[in-house]
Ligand SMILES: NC(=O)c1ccc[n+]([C@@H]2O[C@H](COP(=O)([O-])OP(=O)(O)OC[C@H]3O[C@@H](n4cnc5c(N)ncnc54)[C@H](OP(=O)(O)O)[C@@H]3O)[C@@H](O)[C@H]2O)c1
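Next up: just one chain, as structure tokens, the form predicted on its own.
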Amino acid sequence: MVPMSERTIALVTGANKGIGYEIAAGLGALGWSVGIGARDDQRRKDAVERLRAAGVDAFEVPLDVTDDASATAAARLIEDQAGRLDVLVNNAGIAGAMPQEPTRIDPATIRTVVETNVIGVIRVTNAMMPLLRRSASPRIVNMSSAVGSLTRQSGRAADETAGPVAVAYAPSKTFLNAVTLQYARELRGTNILVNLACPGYVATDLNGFHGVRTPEQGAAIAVKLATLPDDGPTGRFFEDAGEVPW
């Protein structure tokens, strides 16, 4: 087996199930060493065991993206095991309690969703940044959604991907898109490429398994962006069909 020091090292948050698990599987199939970031101890352990049984060099990373100490400890674990991080996929996310009509929602729901979907991404990215800077070709992939597109939400595109009215979830992805642009602006001129991935309407527990795509299909765009060449794009928003309108 190739030692970890010679492998590409990735961390996928929310990787114990669904799209995150399939992203980890896809990166592992490339021969990478993949950290399975998840807060549930048993689900994380089970995911690592299943990935290892499939031939993936997976390792556990206890991680609650809403907790500063947890993110710091996760970075320390990766530093101790690998000394660097080549790819970070910020996949962990929640939908929040429904319904989410703006006239009816409890503001606490919005706060909870943003804490995971936006602040959690910032928290983990910043904790991992020193390790990413040690990589020859670092990549950051933030998992967004077509519902975060203001163009699609406003109806300027005749598109069904706007989804239902959801004043917590949809704007959290718009917020994430804007945050990702700021990272791309700050990191422009470095070797760190940071992009957004839209997996499409995937059947996961986030939507009650009503989606029309499989988690494996949804993971494909993240794997593609994680493996961009050094002259690849940064600060862009992609789905399988191409760029998503902002």
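Heads up: residue numbers just count along the shown sequence, starting at 1. None of the values given here were measured: they were computed from a predicted structure.
Not on display, but discussed next: the form predicted in complex with the ligand.
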query: Any non-hydrogen atom of Gly200 within 4.5 angstroms of the ligand in the model of the complex; finding: yes
query: Exercise: Asn177 in contact with the ligand in the model of the complex, heavy atom 4.5 Å; finding: no
query: Val65 within 4.5 Å of the ligand in the model of the complex, heavy atoms; finding: yes
query: Contact of Thr204 with the ligand in the model of the complex (heavy atom, 4.5 Å); finding: yes
query: Partner-facing stretch of 75-83, 127-135, 140-148, 97-105, counted where any non-hydrogen atom is within 4.5 angstroms of the ligand in the model of the complex; finding: 140-148
query: Heavy atom contacts to the ligand in the model of the complex at 4.5 Å, residues of 98-119 in sequence order; finding: Thr116
